[in-house]
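In structure tokens, the next block holds one chain alone, the form predicted alone.
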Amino acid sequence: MKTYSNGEIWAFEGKSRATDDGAGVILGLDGGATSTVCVCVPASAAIHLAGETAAESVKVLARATAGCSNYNSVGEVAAKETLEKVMAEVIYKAGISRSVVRAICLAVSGVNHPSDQQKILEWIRDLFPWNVKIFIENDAVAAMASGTMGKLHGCVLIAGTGCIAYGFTEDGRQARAAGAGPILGDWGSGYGIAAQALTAVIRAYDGRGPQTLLTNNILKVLGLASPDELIGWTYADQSWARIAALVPVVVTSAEDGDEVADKILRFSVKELADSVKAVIQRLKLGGEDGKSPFPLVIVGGVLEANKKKWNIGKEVIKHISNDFSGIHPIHPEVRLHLILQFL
């Protein structure tokens, strides 16, 4: 068992903890490239939801938050430690032990292939009793369910540190676009926007590109004196979330009239819209004429990075609706369907 600076992570189970009353609990985990959230709810919650009881009425026994759990961003060791840490914390806060857990649903970014599911399954299986049910999906699947009350039909667009468009038909077909990470071109993501901004600053400094407000604005936020220092700052820690945190600076610069920042945001809007359009076309969600109605669930910090003039989410929807007028945008609150719709 992995140990940490505060001692054995599961050492609390050696003390007096609540024992199994026959009902048990469910753990639900939403893991992204920025943060990971885990909640613990009574196992009876799945039955309540099946009976159309509102998800908001389900009692959350405990909640814990940790960092990135996308192993494509931080590596397998760090991702595994994050998952274990956040689950141990929520179990500790709930006053129980692992013996009470009946099922775990993990919705994790970076799960793109059955081999990814198998890898994470092996990590989690080693931590819990053999009879615990474990479900692993891409976080886009859970995001879709959170906006449609558990029904997998329509399209979801996530744009936070990373981005992905994912679609589902009522007969079970699926399609996706983007979500391959920054190296493979997720330019609509927070990382993609910020990376373009950093590149623009260096190009301006070299004389290879136009001058931009991004230079002073980014240097000020980072506490740096010169664009030269950006090189060391960038490569000192290349975690996606650290880079993506600069998105608000890009939006502010664009609103202040900077053409370079504005161009970056408009390109990113097009990238996000094109990803959704690709999924819609492949699944024919809009019907033959593009006018058939279907839900479009919008999730993520980039789509919510709205200032006085720039509203990225609104611009993306506008671009999509030009071709597919039947879309019904949904901005969901976090719901327990995120956890329970697989059970």
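Quick note: we count residues from 1 along the sequence shown, nothing fancier. Values in this document were obtained by computation on a predicted structure and should not be read as measured data.
Keep in mind the form predicted in complex with a further copy of the same chain is missing from the figure; the text below concerns it.
In the predicted complex, Glu315 touching a further copy of the same chain (heavy atom, 4.5 Å) | Flag for Glu315 set to no.
According to a 4.5 angstroms non-hydrogen atom cut-off, is Ala278 in contact with a further copy of the same chain in the predicted complex?
-> Yes, Ala278 sits close enough to a further copy of the same chain in the predicted complex that at least one of its heavy atoms falls within 4.5 Å.
Answer with yes or no whether Lys80 is in contact with a further copy of the same chain in the predicted complex, where contact means some heavy atom within 4.5 Å.
-> No, no contact at 4.5 Å.
Any non-hydrogen atom of Glu304 within 4.5 angstroms of a further copy of the same chain in the predicted complex = Outside the cut-off, so no.
When a further copy of the same chain is placed as it is in the predicted complex, which of 175 to 183, 83 to 91, 256 to 264, 127 to 135 ends up with heavy atoms within 4.5 Å of it?
-> Correct option: 175 to 183.
Which pick from Met149, Leu213, Leu230, Ala245 sits with a heavy atom within 4.5 Å of a further copy of the same chain in the predicted complex?
-> Selected option: Leu230.
Sole residue of Thr169, Ser97, Thr252, Asn112 within 4.5 Å of a further copy of the same chain in the predicted complex, by heavy atom | For this set of options, the contacting one is Asn112.
Who in 252 to 286 is close to a further copy of the same chain in the predicted complex, meaning a heavy atom within 4.5 Å?
-> Contacts from 252 to 286: Glu271, Asp274, Ser275, Ala278, Arg282.
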